[in-house]
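Starting off, we have a lone chain in the form predicted on its own, written out as structure tokens.
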Amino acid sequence: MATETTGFVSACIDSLGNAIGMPQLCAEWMPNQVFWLLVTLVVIYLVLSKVALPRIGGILAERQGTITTDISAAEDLKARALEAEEVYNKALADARAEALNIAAEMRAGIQGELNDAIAHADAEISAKVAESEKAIGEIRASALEAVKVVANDTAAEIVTALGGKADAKAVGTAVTSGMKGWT
């Protein structure tokens, strides 16, 4: 007892109104499905070609531009870094040379001061040696005079003790001739 509500009888629908098998494979419905498939594909194509693909293309072009810009900026920064490294190396070499010059100047200055100090010390030592030699000479002279006086007195006493008369002039001449090699 099939009641037709739409007045359409299909080979794909049973008497109760249920689909027989898969409705997509029903041959009666194929032209309708192909029409809507084509309409859907045209709409999707139009949406993609007019809206989505231009946006995607713009994004890809923007990304490519960003990548190109970043690469050129990186190359520029690399060139600057190489220049900075060269400047740094030159400054470092100049600083080392300047340090060596300063060290050489300091060594020369210290050596000059040392030479001046040595010369001053030598002069002081020479002056002290001269003073010492003068003092030693004076001490030696006074010692020789003292020895001469003692020798004169001793010789006069010995001559007197031996029973003779000591002549001061003769004793002085004898002591002086005896002491000739002492000076």
Partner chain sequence: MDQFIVSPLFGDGPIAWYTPTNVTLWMVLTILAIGALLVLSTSRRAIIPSRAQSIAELVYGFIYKMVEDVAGKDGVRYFPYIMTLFMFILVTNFLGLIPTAFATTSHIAVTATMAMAVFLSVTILGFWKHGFGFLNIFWIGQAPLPLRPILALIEVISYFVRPISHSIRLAGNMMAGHAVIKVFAGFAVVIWIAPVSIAAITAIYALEVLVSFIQAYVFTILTCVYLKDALHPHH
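Residue numbers count along the first chain shown, from 1. Since the model is a prediction, treat every value here as computed from it, not as a measurement.
Heads up, the form predicted in complex with its partner chain isn't pictured, but that's what we're talking about next.
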Checked 129, 146, 37, 119 for heavy atoms within 4.5 Å of its partner chain in the predicted complex; positive is 37
Sole residue of 150, 53, 114, 135 within 4.5 Å of its partner chain in the predicted complex, by heavy atom:
53
Choose one stretch from 26-34, 152-160, 136-144, 119-127: the one whose residues place a heavy atom within 4.5 angstroms of its partner chain in the predicted complex.
26-34
Report whether the minimum heavy atom distance between residue 17 and its partner chain in the predicted complex is within 4.5 Å.
yes
Can you tell me whether residue 22 touches its partner chain? I mean in the predicted complex, with a 4.5 angstroms heavy atom cut-off.
yes
Is residue 66 one of the residues lying within 4.5 Å of its partner chain in the predicted complex, judged by heavy atom distances?
yes
Would residue 13 sit within 4.5 Å of its partner chain in the predicted complex, counting heavy atoms only?
yes
